[in-house]
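One chain comes next, on its own, written as structure tokens: the form predicted on its own.
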Amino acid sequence: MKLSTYNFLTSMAIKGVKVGFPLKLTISKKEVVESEFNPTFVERILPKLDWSAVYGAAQVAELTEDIPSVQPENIGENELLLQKLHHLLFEIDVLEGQLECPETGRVFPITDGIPNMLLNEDEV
């Protein structure tokens, strides 16, 4: 699972959950898969992302020295930061770990890079 995907996952489908975001991420196994850097693509996806979740992913991936805790203004003019965001969002691949609902504590495992977000019958 790419960390860009993590930013879009929520547990809001669980009965009684009002927000369900951001999920608490735990990484047990990850790998870096290099991909071509496209600064325009990174800049265009940023408005769709929640910066606090991006920074939270950076903390879990141990990349907080690369990513500021607050989204800088004029981020498109900082190519070095765009490269670091590209690395975080598109090159870090979470192979094993878990996602935890912030409201219920329900854990969703990540196995072979795939988060299992299926709910039990009583959770819907």
Partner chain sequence: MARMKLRKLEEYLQGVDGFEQPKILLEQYPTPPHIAACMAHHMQSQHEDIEGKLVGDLGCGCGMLSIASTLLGAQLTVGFELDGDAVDTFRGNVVEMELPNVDCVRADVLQLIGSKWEKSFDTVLMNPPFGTKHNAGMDMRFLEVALRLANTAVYSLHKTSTRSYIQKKALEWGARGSVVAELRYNIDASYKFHKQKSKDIEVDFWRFEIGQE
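Positions refer to the first chain, counted from 1. Only a predicted model underlies this, so the values are computations on that prediction, with no experimental measurement involved.
Heads up, the form predicted together with the partner chain isn't pictured, but that's what we're talking about next.
Colleague: Glu34, Glu65, Glu73, Glu77: which sits within 4.5 Å of the partner chain in the model of the complex by any heavy atom?
Modeller: Spelling it out, the residue with a heavy atom inside the cut-off is Glu34.
Colleague: Any of the heavy atoms of Phe90 lying within 4.5 Å of the partner chain in the model of the complex?
Modeller: Within the cut-off, so yes.
Colleague: Is Asn38 part of the interface with the partner chain in the model of the complex - any heavy atom within 4.5 Å?
Modeller: It does: once the partner chain is placed as it appears in the model of the complex, Asn38 has a heavy atom within 4.5 Å of it.
Colleague: Report yes if any heavy atom of Thr10 sits within 4.5 Å of a heavy atom of the partner chain in the model of the complex; otherwise report no.
Modeller: Contact check for Thr10: yes, within 4.5 Å of the partner chain in the model of the complex.
Colleague: May I ask you to check whether Leu81 falls inside a 4.5 Å heavy atom distance of the partner chain in the model of the complex?
Modeller: No - in the model of the complex, heavy atoms of Leu81 and the partner chain never come within 4.5 Å of each other.
Colleague: Which residues in 110 to 124 have a heavy atom within 4.5 Å of the partner chain in the model of the complex?
Modeller: Residues within 4.5 Å: Asp112, Gly113, Ile114, Pro115, Asn116, Met117, Leu118, Leu119, Val124.
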